[in-house]
Structure formats: C-alpha cells, structure tokens
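The chain below stands alone and is given in structure tokens; this is the form predicted on its own.
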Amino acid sequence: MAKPDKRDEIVRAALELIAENGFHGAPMAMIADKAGVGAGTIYRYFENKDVLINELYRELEQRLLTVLMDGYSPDKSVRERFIHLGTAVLRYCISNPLDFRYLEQFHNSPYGVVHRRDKISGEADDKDIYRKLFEEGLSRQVIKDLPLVMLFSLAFGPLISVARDHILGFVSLDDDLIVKIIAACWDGLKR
C-alpha cells in the first residue's frame, strides 16, 4: 500500500481540523502536527493559510461536482435536473460530514462571500450547473421569476439545514424522506 503523499496528508489534516475548530482554531502548526510533517513543510505546498483554505475548497467543490454530474442529463426537464442535483447534493453532504462542515464554514466566511458573489454574478466561470439551470428555468418560465440569489437560497437553504440536522442527529434521513425534501424544494421554486 502506497504511503499518502505529504500534500494529501496536509489537506486531510486541514479538512479535519478546520471542520472541527473553524479557520481560526486550526493554526498551521496544528495542521502540520496532525499531518505528521514539520511546520515548514506545509509552506512547500501552500504559500500561506489562505492559499491552503482556498485550494481545499476547490478540491471539495470538484469532488462535489463529480458527484453532481454522475448521471446528470442536460436533455431532461428543468424539474428532473433539479431533483437529480438536489438529491446528489443532499446525499453527498450527509455521506461526507467533514466536507459538509468545511464547505458550510467556507460559504459563511469572507472567503465564501467573494466566491458566492462571483458564482451568482457569473464572474467565477461559466460552468456553475445550478446557475445555468436557474437561468434556463427562468427563460422557460418554469421557475419563479426571482433574482438568482433568491433561487440559490430557496434551493440550498433547506438542503443545508436538513443536512446539518441529519449530521447532528436531530433527524435521520432515508431515501423516502430525501425524495420528499427535494420535491418540497422544487415546489418552492416552480411557478
């Protein structure tokens, strides 16, 4: 069995510590210690903590995108694609609680505010699948005529709350409940 590379160990340690302690509660020395590397080693891979935080986010975002695109068909209706994406997001979050907690912290931090603004405005890239879906839904008049930021809130707000409640043990999500939750989110968006 191959030994994980030092960069992967650093990223894993950062994910665990930041998910548990927040950005400020996970200094680079603590991350290095958990990763089993010297403090200076981190700086061979990441110029500073901001770079580490942003690169970790991009890696998690790519993991999630891979899950979202598995079985995704752009030929299906806006509703069917929304159901596919919502289900994939919720299942990913409850199956990967560390990733979820990191992503939630990131999105609620100054790092995430800039990222979110760029995604919603379309400045980040032209690849955001939800943004494209919402724009198509608006143009076809199948979803409510609301600003994109509101559509994102209506779609993701409930999913984030439900995922958090599942992870904290307040509710136990099964396939039937997941289907009902995603359908309820769609009901909040559709015209």
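So that there is no doubt, residue numbering starts at 1 and follows the sequence shown. Worth saying up front: this structure is predicted, and the values here are computed from it rather than measured.
If you look for the form predicted together with a further copy of the same chain, you will not find it shown, but the lines that follow are about it.
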{"query": "Position in contact with a further copy of the same chain when the complex is considered in the model of the complex, options I94, I83, L98, I120, heavy atoms within 4.5 Å", "finding": "I120"}
{"query": "Position in contact with a further copy of the same chain when the complex is considered in the model of the complex, options Q62, N48, S139, S161, heavy atoms within 4.5 Å", "finding": "S161"}
{"query": "Which of 29-37, 140-148, 63-71, 48-56 sits within 4.5 Å of a further copy of the same chain in the model of the complex, heavy atom basis", "finding": "140-148"}
{"query": "L177 within 4.5 Å of a further copy of the same chain in the model of the complex, heavy atoms", "finding": "yes"}
{"query": "Close approach of I129 to a further copy of the same chain in the model of the complex, 4.5 Å, heavy atom", "finding": "no"}
{"query": "Residue contact check: R79 to a further copy of the same chain in the model of the complex, 4.5 Å heavy atom", "finding": "no"}
{"query": "a further copy of the same chain contact in the model of the complex: D165, any heavy atom under 4.5 Å", "finding": "yes"}
{"query": "Heavy atom of each of N108, V113 and C185 within 4.5 Å of a further copy of the same chain in the model of the complex", "finding": "yes"}
